[in-house]
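There is one chain below, alone, in structure tokens, taken in the form predicted alone.
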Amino acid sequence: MVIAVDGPSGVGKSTVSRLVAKNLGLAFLDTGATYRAATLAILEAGVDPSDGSEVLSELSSHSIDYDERGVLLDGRSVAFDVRSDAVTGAVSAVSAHPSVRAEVVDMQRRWVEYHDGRAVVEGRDIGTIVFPDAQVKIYLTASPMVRATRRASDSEAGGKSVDEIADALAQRDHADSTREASPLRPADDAVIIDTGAMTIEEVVARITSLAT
């Protein structure tokens, strides 16, 4: 069973998906972290994130994986490194290249296959592109202010105000929803859940009920 959980930043995808995976005894994959690891590799190599051919060429010399520690780049844990402002600022540019997305999506599919096809996979194009045949498709949403307020409490917020975070989220949403390759949108058959007025426990229970 594959449970696809999509949605923009700040809706609680990672937290909810981890708990659903734990409840159901499934593997968990944060696909956003895999794109962030790719972006980290590009930045460390000094490659221009907007140059698709150079980005793809550089990525061919790296391995990206995911385990209980989080995302791995060439075997080293980079779970904290990929949350830097530099990576956050460049990840949309890197992930917008169709050739790069194809490479990373192939890795994500292999990862789930390695886990016997049983996983909760969260991201922005899981139900539409990565696993269009997923047995359960969820699209989480929430108002911009709710999302910004939640993100402000995260350690990666770096002291930014709610308004600053809201502006950054709006820019990321626009980049993700208007890109040519795999734009952010709910799958036609996804169950849309507004997390704004729900607790984490309620969202987890709702998804778990849909999967059982």
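Counting begins at 1, following the sequence as shown. All values derive from a computational prediction rather than experimental measurement.
A second form of this protein, the form predicted together with a small molecule, is not displayed here; the remarks below concern that form.
K.L.:
Do residue 91 and the small molecule come within 4.5 Å of each other in the predicted bound form, heavy atoms counted?
P.N.:
The answer is yes: residue 91 has a heavy atom within 4.5 Å of the small molecule.
K.L.:
Look up in the predicted bound form whether residue 115 has a non-hydrogen atom within 4.5 angstroms of the small molecule, and give yes or no.
P.N.:
No, residue 115 stays farther than 4.5 Å from the small molecule in the predicted bound form.
K.L.:
Report yes if any heavy atom of residue 36 sits within 4.5 Å of a heavy atom of the small molecule in the predicted bound form; otherwise report no.
P.N.:
Yes, residue 36 is a contact residue.
K.L.:
With heavy atoms only and a cut-off of 4.5 Å, decide whether residue 126 touches the small molecule in the predicted bound form.
P.N.:
Within the cut-off, so yes.
K.L.:
Out of 43-51, 26-34, 63-71, 140-148, where are the residues with a heavy atom within 4.5 Å of the small molecule in the predicted bound form?
P.N.:
Contact-bearing stretch, as computed: 26-34.
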